[in-house]
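The chain below stands alone and is given as structure tokens, in the form predicted on its own.
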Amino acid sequence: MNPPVLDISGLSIRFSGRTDPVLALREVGLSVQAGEIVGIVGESGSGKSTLALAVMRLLATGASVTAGSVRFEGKDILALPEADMRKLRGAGMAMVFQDPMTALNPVLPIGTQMMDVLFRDPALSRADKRARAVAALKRVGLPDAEQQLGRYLFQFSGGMRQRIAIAMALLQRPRLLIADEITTALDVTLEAQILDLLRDLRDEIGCSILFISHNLGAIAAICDRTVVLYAGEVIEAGPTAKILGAARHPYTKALLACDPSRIEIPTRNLPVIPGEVPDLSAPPKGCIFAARCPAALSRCVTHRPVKSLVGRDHSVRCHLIEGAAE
């Protein structure tokens, strides 16, 4: 059997600075199989973007991996020399960020930026690069692609900018695409179009997708499996239908209860999860969610729960269901 396209095991990341070190991720594990779309969901501050940047090895200065491994097609990328990692970015794995206006260069035409992505291939002429850029824009549904190459980002709508960012990420046909909150700033119509586009591109070029979002509707629409991240820890993971339709962890249930699409009675006040994400410079030694959990037991405060299987490929880290099985 071929190894997963992406396999993260026991990953822990610490941020050091002028204050106490922040333990941003702790023993995170997940995998993405070939052709699979895996979602990562959680509140702001859960560590979703940190995880994505760790996979790309683009963590900020002061961040360090203290434990674990990140394997891409069986190769430990944390051990790769930077020169080899640069070759892997774009061709092996690529990332689409939340805001194209900050991720891309606003003072260069999009055609120049797209052709620059292909600079590593000396066999491609300028005409070849231009043709590939046009083909990529057509693939993501940009009209009059040839004429668009000379335009700048500010001349496009938000949805078009995101399509351009996706086209650039896919120029070298990567085997893994990381999409980090790419539909957050879009209205529901544009969001649906982008999700349809990602599914079509996955089927067309065969890439796997790590899809990061706080939007449960987007997760439900596109992801085969879902990982729930809270305060730097994976607290539930499994098939998306199980996670969203039969959640077992109190945090996952609370997230679902806050989804506006699930509110049946009209109200002026949207539901929220009481409390705050804990201080990760000194994470609690028990369950990371215990202080906000309405069903917390005494041992939830003093002992960290272990991962328990509650069904096929469905795991939960919670004292309330330890030892459960279906």
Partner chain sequence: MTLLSVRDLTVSYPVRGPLAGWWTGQKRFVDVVCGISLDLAEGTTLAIAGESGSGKSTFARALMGLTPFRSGSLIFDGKAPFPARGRPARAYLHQVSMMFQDPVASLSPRRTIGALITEPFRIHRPDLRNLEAEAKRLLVLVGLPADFAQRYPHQISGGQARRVGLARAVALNPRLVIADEPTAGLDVSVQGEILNLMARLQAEQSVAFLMITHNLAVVRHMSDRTAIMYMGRIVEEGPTDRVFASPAHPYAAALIAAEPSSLPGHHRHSAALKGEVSSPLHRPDGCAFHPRCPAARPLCSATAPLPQVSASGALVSCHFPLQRTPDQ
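Positions refer to the first chain, counted from 1. Worth saying up front: this structure is predicted, and the values here are computed from it rather than measured.
A second form of this protein, the form predicted together with its partner chain, is not displayed here; the remarks below concern that form.
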- Among Asp116, Asp196, Asp203, Asp76, just one has a heavy atom within 4.5 Å of its partner chain in the predicted bound form, namely Asp196
- The one option of Ala192, Met101, Met85, Leu124 with any heavy atom within 4.5 Å of its partner chain in the predicted bound form is Ala192
- Do Leu270 and its partner chain come within 4.5 Å of each other in the predicted bound form, heavy atoms counted? yes
- Item | 4.5 angstroms heavy atom contact with its partner chain in the predicted bound form for His214 | yes
- Message: With a cut-off of 4.5 Å between heavy atoms, is Ile265 one of the residues that contacts its partner chain in the predicted bound form?
- Response: yes
- Query: Taking 4.5 angstroms as the cut-off for heavy atoms, does Asp259 touch its partner chain in the predicted bound form?
  - Reply: yes
- Region of this chain that lies against its partner chain in the predicted bound form, out of 22-30, 281-289, 36-44, 53-61 [heavy atom, 4.5 Å]: 36-44
- Near its partner chain in the predicted bound form, with a heavy atom at 4.5 Å or closer, the residues from 222-245 are Ala241, Leu244, Gly245
